[in-house]
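Below you'll find only one chain, the form predicted on its own, shown as structure tokens.
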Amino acid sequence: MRESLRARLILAQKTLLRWHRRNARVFSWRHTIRNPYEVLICETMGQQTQASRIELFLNRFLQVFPTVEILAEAKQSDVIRAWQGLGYNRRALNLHKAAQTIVRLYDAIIPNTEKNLLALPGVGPYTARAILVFAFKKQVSAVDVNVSRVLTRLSKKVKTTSEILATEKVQTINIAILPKRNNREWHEALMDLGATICIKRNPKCSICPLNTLCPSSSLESKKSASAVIKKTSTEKIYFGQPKRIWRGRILAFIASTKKKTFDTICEFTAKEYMLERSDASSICTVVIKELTGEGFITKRADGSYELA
């Protein structure tokens, strides 16, 4: 990294930390001392869920499973029920398996090394590093989409709001400027700026605390949102909704009471979402087959379905 760039980024870091002490987002999980188990749950929820939604569900989940031991011993069906509303139930299953691994291999103590964290089901590089930063105050770099966006725009003049550096490059930049004493706050500051001001499509450059230090600060005036490249999705759509939405709806219905038959599931789907009976039957057939094959639900001897 050029010394001139590093010097500018260090100045931006100090400016951003001052701004953050007055403008930090307030969340229930941002304690002075953070429980590693709580951080694991929070980061798992945050993998594909906005922070505002985590706020709604985290305390509820912790009330049901207050310790890693209780989560490890829970029935899979109870974990899925507690996860309802967060979507992507596979994350709940991975979290359940991770808790069991932690109890079995680490005496119910959350690992504090990246290698051991990465060995847990559902824990990838970002989640592992985030746990190290937020739970253990380690001097590592945790790069999520907000961190990537902010550091990309700070380090170079981007042409469109969609332009972003490769994660490995952002990692290199962040590691070079990590503060020694308040690394956790630094990451929170980057994430907060990226979530509220240095946003994806319409960045609020005019009120950004870093606008005089950022080579990309003219993005707002260029109306570059029109240059955003739209990603195409390969996810199959059924009756106007992606399959994952139908999966969540049908799984939630099966979880609501015991012994749902295929016919009652189809009747509910048709009535609740105003589908023809044949259309409801077609989507239920696809989803129930997947959920059964993936171990989310089981088919009983009497032909009814319930959470596994």
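Here the structure is a predicted model, which means the values were calculated and not measured. One rule holds for the numbers: they count along the sequence shown, beginning at 1.
Below, we refer to the form predicted together with the DNA, which is not included among the displayed structures.
Distance criterion of 4.5 Å from any heavy atom to the DNA in the predicted bound form singles out N89 from the list N89, S155, N183, Q171. This chain is displayed alone, yet in the predicted bound form one of T264, N35, S282, T49 has a heavy atom within 4.5 Å of the DNA; that residue is T49. Residues placing heavy atoms within 4.5 Å of the DNA in the predicted bound form fall in a single listed stretch, namely 194-202, out of 194-202, 173-181, 101-109, 70-78.
When the DNA is considered in the predicted bound form, V145 lines it closely, a heavy atom lying within 4.5 Å.
Residue contact check for F61: none of its heavy atoms lie within 4.5 Å of the DNA in the predicted bound form.
For the chain shown alone, R247 is a contact residue for the DNA in the predicted bound form, at least one non-hydrogen atom being within 4.5 angstroms.
At a distance threshold of 4.5 angstroms between non-hydrogen atoms, A255 is out of contact with the DNA in the predicted bound form.
Here the marked residues F239, K271 and R277 all miss the DNA in the predicted bound form; none has a heavy atom within 4.5 angstroms. Of the residues in 283-298, only E290 comes within 4.5 Å of the DNA in the predicted bound form through at least one heavy atom.
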